[in-house]
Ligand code: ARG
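As a starting point, one isolated chain is supplied in structure tokens, in the form predicted alone.
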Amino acid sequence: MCEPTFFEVTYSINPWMDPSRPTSNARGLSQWKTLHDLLVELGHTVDLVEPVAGLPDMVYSANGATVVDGRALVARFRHEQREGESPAYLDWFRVHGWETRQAERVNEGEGDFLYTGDVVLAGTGFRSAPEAHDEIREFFGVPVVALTLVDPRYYHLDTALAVLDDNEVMYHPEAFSPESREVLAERFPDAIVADAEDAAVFGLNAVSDGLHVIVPEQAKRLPGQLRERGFVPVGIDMTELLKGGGGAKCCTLELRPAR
């Protein structure tokens, strides 16, 4: 995670960002700290990346890399406003002993590449380039399932789909192309389907440890759907950080050590 010391919205690179809308750094920091402390309370170790002045989106650490089996492929961002984040993440992973490489293709980390335990679900359409899918496949040596996003509100895969455990996901079908909906329905026939209202409050930008699922407290139906499947939903307020286009998952990059 990366503390939102410099969080503000001064430019717009997704539909959620409106520089004319006031933001509160203090409120953003408070919401982030609640998420951080909740993860610790649930028994997880949280490593911190040092924030860098002038990089307000660095708080969305999920975009910084994809990490599988002790290897970190660091992002190459599409927008110039975020380019400076890559060196910071490269340095952090190298210093901490991870096998590290920066992506050659436009690749926005775990924002668009979600590991399910046997394949990587790979998003494209707005940020990460389709060519990045081949790079992911080569670097990690795992199959890749390509999914195309079509609604600009859900510009990263992790805003439209959440991996709950190795076998189960939840997603919003309308965020995907018809072809990708067919792929998802075939691969995950029993997936939790989020309605438009829960998707619109970033209900799918959720963090799951396989049991607990941290979701926005504004989501109405998803908590009940999760309980029916045996998960424990935990509500959280991330509305200030949503002004930058991110929620609980955007602020959390999962580190998977070598097996």
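When you see a residue number, it is the position in the sequence shown, counting from 1. None of the values given here were measured: they were computed from a predicted structure.
Omitted from view is the form predicted in complex with the named molecule, to which the following refers.
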Taking the shortest heavy atom distance, is A62 within 4.5 Å of the named molecule in the predicted complex? yes
Is H172 one of the residues lying within 4.5 Å of the named molecule in the predicted complex, judged by heavy atom distances? no
At the 4.5 Å heavy atom threshold, is G123 in contact with the named molecule in the predicted complex? no
Is Y155 one of the residues lying within 4.5 Å of the named molecule in the predicted complex, judged by heavy atom distances? yes
Heavy atom distance at most 4.5 Å to the named molecule in the predicted complex, all of M17, D57 and R82: yes
Of 89-97, 132-140, 155-163, 172-180, the segment with heavy atoms within 4.5 Å of the named molecule in the predicted complex is residues 155-163
Judged by heavy atom distances of 4.5 Å or less, which residues of 221-258 approach the named molecule in the predicted complex? G244, G245, G246, C250
